[in-house]
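The same protein chain appears twice below, in two forms, each given on its own as structure tokens and labelled structure 1 and structure 2.
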Structure 1
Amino acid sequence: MSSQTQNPIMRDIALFAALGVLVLVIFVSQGAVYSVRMLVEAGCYGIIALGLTIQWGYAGLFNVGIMGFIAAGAASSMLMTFPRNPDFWNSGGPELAGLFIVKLIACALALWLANNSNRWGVGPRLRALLITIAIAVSYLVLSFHMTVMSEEIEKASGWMGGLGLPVFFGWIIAGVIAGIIAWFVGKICLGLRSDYLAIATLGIAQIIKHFLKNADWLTNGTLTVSPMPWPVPSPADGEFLFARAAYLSVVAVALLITYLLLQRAYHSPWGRMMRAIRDNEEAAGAMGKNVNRRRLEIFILGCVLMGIGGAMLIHFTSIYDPSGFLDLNHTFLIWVMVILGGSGNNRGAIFGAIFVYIVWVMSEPLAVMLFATIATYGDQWLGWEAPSDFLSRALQMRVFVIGLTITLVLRLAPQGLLPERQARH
């Protein structure tokens, strides 16, 4: 018994010690400024990975739209915290935007009424008709208003600008918005098998990205927004390293708090119930547990963490660019972190996030170097002329490696490096 409990702990310690050595090596070889940046980003990824590990590891939910929740969180935080745009506030824009919100609420109400009309004795056919009408009218009203509004705002002030609120507040809103989107998606898909959730999250992520790229009036679209405000003195105010180190400490504290809260939740009755549902859905359902409701809770919680982590990540890079949200970097990389680290194990997710991110960052110059070498020698020895976009294809090499890692881990080490320890009660 003792050896069984001893071993995993030794393994944890050994792996984290190795990670510490790796970080130290990078500090020495690459310098502090570079390493702190990498650690901040790895920490943000850690928060996002914790969000995923509770969805996948605790509840077996397959979310392939992490990018969407990151983007939604980042965009809402940007809107909350970026300085106000006086042109917008002096134009007719606020009035239009306010009216839009009013119409949005009215449409939501109409849709809700139509959807619940069966409670007031409306037959199924009439209800279907009412719902169809409600959807059609809402769509026409909202899309027409949106066209007018976006044209007006773009003409008068370029875009709406932010609200200039404190950064911490923006991060909270990031979580709230991501949570609301998750509520919608989860409400629709969680009663069905996990494949449907995968398809729907994939779709919502693509749509959020498309929307953010094209909604010039709201988020300045592909013109990007910078500089994003920092919660701590930003590098522009003075000391570069100091600013980054301050940001790092904020991220580290956030990561630690998230971890501790999740650990508590894991060992609470709520966490036990989650695992019971994951391991045997039918039995848990038969015991009267409301399986879908628990799943919805955990799905929302995970997405809230993704939204917050995404906002922290984008604020740090200081430029908000909707084209910068990539499935590879913001969805699949996180999947690799979680399954490699050990799903269902919070320490595993953090380990995976930091380790994989370091490998990811270091692999970029390596891949470019490799490709440059191939191009040079190919030219010298074989007279082979590399295509003009040859170096950009180094990126594709990494796409391949990420895919390969996912399939190999699933097959060879489905438990990950730090397997979940089944808590005994």
Structure 2
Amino acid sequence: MSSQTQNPIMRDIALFAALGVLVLVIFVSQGAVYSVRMLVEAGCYGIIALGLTIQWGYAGLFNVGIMGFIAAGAASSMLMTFPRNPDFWNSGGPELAGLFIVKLIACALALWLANNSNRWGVGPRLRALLITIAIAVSYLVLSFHMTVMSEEIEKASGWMGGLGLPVFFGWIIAGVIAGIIAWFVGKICLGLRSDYLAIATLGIAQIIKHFLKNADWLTNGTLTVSPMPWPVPSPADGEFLFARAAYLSVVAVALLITYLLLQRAYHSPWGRMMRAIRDNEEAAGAMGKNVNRRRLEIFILGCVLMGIGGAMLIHFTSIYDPSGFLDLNHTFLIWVMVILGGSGNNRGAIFGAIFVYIVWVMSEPLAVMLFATIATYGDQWLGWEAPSDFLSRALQMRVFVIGLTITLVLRLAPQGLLPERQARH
């Protein structure tokens, strides 16, 4: 084995060993219950980070709407798995909801026919007019029906409730819904410049969040939904630490399976084609590759993982709150994880997710401890009286620490701590 091959391997081993020591220190200092909770959440973020690293690292797609796909996956899983609401099923709500689904399918079919009318000899101007009419009519029909339906549901039962299905099924549906949304966004934007994709995903994320936040009939809105069901015995059923450890096992298995599948895809002809498109789109197109279709595939796949990771995260926290999805926590932080770990490297995404989340979680209590020490000794040694809000300022230090971390990484290791390994010929 050459030294060129050994060096990256030794670097990976050294970094993961250092990360293991850091986790061990947290276990000793903070206790097992807190540490296991932190690892579960870091593992969920790891799955989301893998979704972003294949979009950005494999295909160069700039997705800044990660929060929207996380929120969509979380809401979908909540609706699938939360217990049924008897008041809803005993009212006229189910009939109205079923009719809405029928109208939605009909509107989608009308839009598809208008979009593909050129196959039947329709000219471009008439085709554009048909698409416009289909969109306008669909909006009017669906918005009117949704208004009537939401008023009836809120009046009769408050909100719809869930379907009471198994949690694992809810996670699958979360990925499917996130993938469907990604298909619509990608169909519109992936053929344009990359900055259009960034704008579109950012806008879609805000639309999804505000819809879920204000759709009281569907998600219970800001009143939140809890407790969310677990795929394993919950803390209410027995040992607190055992329940969290069991959930950690599920997340670890899901993360491992995702990593192995993505590694196989990375080294397959499909993965090499994706990187060829990323590195030289014009050359790949000249070789007969359908660039837009391949980019749509990778975009959908990444968003599916984001939806699943978001669903796993909210089930663990046991509460669904649409107001809790924030760009800082669920978009910017994911980008920091991927950039720090190294885009295009699946191990880097996992390392970055765990390390950055540890820094994010631990920076607040450490900052509070530091500020309290400064206030105490400043008063004893110098007679300095700390401002009344001095300790509350420490709560904002996590943003400073994350910013400092990513600045140092970009300065000292611009390709990340575990950069993508380039093939040598």
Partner chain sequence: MNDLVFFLNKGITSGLIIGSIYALGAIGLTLIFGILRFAHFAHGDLMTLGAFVTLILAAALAALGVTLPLPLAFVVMFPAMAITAVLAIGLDKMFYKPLRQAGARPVVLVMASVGVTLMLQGVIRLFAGVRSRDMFVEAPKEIYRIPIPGATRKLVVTEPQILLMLFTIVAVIALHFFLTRARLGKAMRAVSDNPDLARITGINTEHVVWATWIIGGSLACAAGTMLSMDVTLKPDLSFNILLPIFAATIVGGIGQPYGAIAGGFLVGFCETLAVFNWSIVLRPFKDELWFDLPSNMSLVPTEYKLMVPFLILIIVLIYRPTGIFKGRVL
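Whichever C-alpha set is largest while still superposing within 1.5 Å between the two forms counts as the rigid core. Remember, predicted model here, so these are calculated numbers, not experimental data. Every residue number counts along structure 1's sequence, beginning with 1.
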Next on the checklist: Only one of structures 1 and 2 is the form predicted in complex with its partner chain; identify it.
Outcome noted: 1
Next on the checklist: Could you check, with the core superposed, whether the Cα atom of M397 shifts 2 Å or more between structures 1 and 2?
Outcome noted: yes
Item to check | Did V361 shift 2 Å or more between structures 1 and 2, C-alpha, core superposed | outcome: no
Next on the checklist: If I superpose the two forms on their rigid core, does the C-alpha of I26 end up displaced by 2 Å or more between structures 1 and 2?
Outcome noted: no
Next on the checklist: Please report, in Å, how much the Cα atom of T376 moves between structures 1 and 2 when the rigid core is superposed.
Outcome noted: 8.9
Checklist entry - Relative to the superposed core, what is the Cα shift for A413 between structures 1 and 2, in Å? => result 3.0
